[in-house]
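Take a look at this single chain in structure tokens; it is the form predicted alone.
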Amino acid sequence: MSDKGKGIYEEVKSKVNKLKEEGGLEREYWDFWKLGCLIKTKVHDSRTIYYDTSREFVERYNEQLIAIREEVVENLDYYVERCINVMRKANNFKVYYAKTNEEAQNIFMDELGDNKVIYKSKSNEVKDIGITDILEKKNITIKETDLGDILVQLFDYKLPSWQIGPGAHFSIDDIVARIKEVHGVEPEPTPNSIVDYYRRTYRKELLNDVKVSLTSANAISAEEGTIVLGENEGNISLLTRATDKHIVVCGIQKIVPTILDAVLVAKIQSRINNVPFNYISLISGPSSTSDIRGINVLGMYGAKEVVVILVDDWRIKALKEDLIYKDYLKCIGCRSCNFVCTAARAFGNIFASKYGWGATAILTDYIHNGIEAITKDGLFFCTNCENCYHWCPVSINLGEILKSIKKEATKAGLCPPPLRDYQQKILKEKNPFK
């Protein structure tokens, strides 16, 4: 094992030891997630709202969804070009195609202009593409609008959390105490009172003060050039209407052939997580009216301008060079693989990276920052149980991908000593238990 490998091993060990510390943030999250997984498992197995379970719904459309994703991945250049042309010519979008994350960040800052405040929805893509980092670097005020992200900001919580419910682990009493500490107001210790507080205080701002808003997309239809956004809170509906400029940033893998395919993706994301999309927005351009002598004028009550930044970065390269993480292009971003992940259950949010928590987040770190980064994230926590593969609605085998990366890490001298010793016993003695 290399000296660098030994240092990384000790760093990871110190993270694991934090799980043993009662009252520590890592331990609190670990306890929360184990309980959350048990509850989610029961919900998935019961018919609560619909006539079928979430798994039955996903399995009914599994083959269709896989076919959609494979069609796009195998013909990605074609669908990107087609989507951009329709968006520009038919939908009055301003569209950019960024070849790298850095290019996307520069385009975004140019579009932001002199604005010092931006309102954003929850978005893993924005973090992946580095927009959050550049906003913080430029001292731009980020106004989160998803309640989970609002709570993360309220607590100044720096550890990774579940991307779909980033604030779900905070207790009601702690939220009330923190609101009192920060805002000088003490809501009743109930979810309804906390939600009512933000509705009364923050909703007015969202309706009146948003100049520039930022979202990603659940999916984008190439045929119609339509952006599909799903939500339950209503914040995205406000951000995309009550604003002068709506900026959409996402990877090109979000493109699907048709609008029906895009809505199916959104419904799968909703059902597999049992998080209802009370609103699904289909955005095909900025607001407009033709009520004055039939002349089309942009910018009526909704957004005056919609800017779309489609980002390649690693995606076309992964496809054309047949890289080990090529199948990751099929991911629809539901993040539900964390429910069944052995490593996520065993190690909580120390199986994570700066991009979030779980196998998809540490794989993203590998793509952007390499083998040492992913080893620090807990690469070797993965047991290759393939629960993720059997659960995934598009059958991505994250365990197999991480196994290939482990081989690379081992060659680089980054394999943890216990696993290296285990390996040597097998190679030399043909028996790992002697």
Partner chain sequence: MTKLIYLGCLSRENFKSTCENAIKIIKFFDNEYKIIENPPCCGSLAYHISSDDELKKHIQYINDWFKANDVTELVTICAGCYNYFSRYYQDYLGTDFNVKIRHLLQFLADPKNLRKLDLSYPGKKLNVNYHDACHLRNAVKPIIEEPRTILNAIKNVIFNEMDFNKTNSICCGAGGGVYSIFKENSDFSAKAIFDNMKKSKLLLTACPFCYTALKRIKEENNIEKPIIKFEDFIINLMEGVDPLS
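Residue numbers count along the first chain shown, from 1. Quick caveat, the model's predicted, so the values are computed rather than measured.
Keep in mind that the form predicted in complex with its partner chain is missing from the display, and what follows is about it.
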One stretch from 135-143, 343-351, 169-177, 310-318 that, in the predicted bound form, holds residues within 4.5 Å of its partner chain by heavy atom:
343-351
Select from the listed residues Cys382, Val58, Ile374, Ile68 the one whose heavy atoms reach within 4.5 Å of its partner chain in the predicted bound form.
Cys382
For Glu26, is any heavy atom within 4.5 Å of its partner chain in the predicted bound form, or not?
no
Examine Lys20 and determine whether its closest non-hydrogen atom to its partner chain in the predicted bound form is within 4.5 angstroms.
yes
Classify Pro418 as contacting or not contacting its partner chain in the predicted bound form by the rule of any non-hydrogen atom within 4.5 angstroms, answering yes or no.
yes
Heavy atom to heavy atom, is His368 within 4.5 Å of its partner chain in the predicted bound form?
no
